[in-house]
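Presented as structure tokens, the chain that follows is alone, the form predicted on its own.
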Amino acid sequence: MELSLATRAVGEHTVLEVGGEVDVYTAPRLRERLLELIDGGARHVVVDLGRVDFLDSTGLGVLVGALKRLRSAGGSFALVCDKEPLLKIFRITALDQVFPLHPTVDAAIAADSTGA
């Protein structure tokens, strides 16, 4: 399956909408896009996984890398995910304790704006 990536700005936040499968074959494209955004000056990034059908450990590694990069630059990184199979992956790996997870883009932006 293909990976789709679309970016939009919502105030000071950059929202990256991801669709399809994030796996060993497509994760490098996601990594490249996240690095482009961060290196281009994005400091508040929200990754919307709402249209992701599959996420493997390679994809999780890309997300962790982006989180670390943004935090070291004084930025923020949040994930939007409301699909139970994906949420289960985050819980099993304990990454639900690492990533701010939100049900909607609006909730992610609101939580970041309030420092939650």
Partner chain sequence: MATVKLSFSPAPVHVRTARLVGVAVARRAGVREDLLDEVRLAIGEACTRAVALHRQYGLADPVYVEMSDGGGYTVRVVDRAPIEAGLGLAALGPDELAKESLSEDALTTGVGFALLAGFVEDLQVRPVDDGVGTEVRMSWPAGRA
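Numbering follows the first chain given and starts at 1. Only a predicted model underlies this, so the values are computations on that prediction, with no experimental measurement involved.
Note that the form predicted in complex with the partner chain isn't included here; everything after this is about it.
Using a 4.5 Å cutoff between non-hydrogen atoms, Ala9 does not count as a contact of the partner chain in the predicted bound form. With a 4.5 Å cutoff on heavy atoms, Arg29 does not count as touching the partner chain in the predicted bound form; it lies far away. None of the heavy atoms of Gly74 is located within 4.5 Å of the partner chain in the predicted bound form. Not displayed here, the partner chain is kept clear of Gly50 by more than 4.5 Å at the level of heavy atoms in the predicted bound form. Contacts with the partner chain in the predicted bound form, taken as any heavy atom within 4.5 Å, map within 14-47 to Glu21, Asp23, Val24, Tyr25, Arg31.
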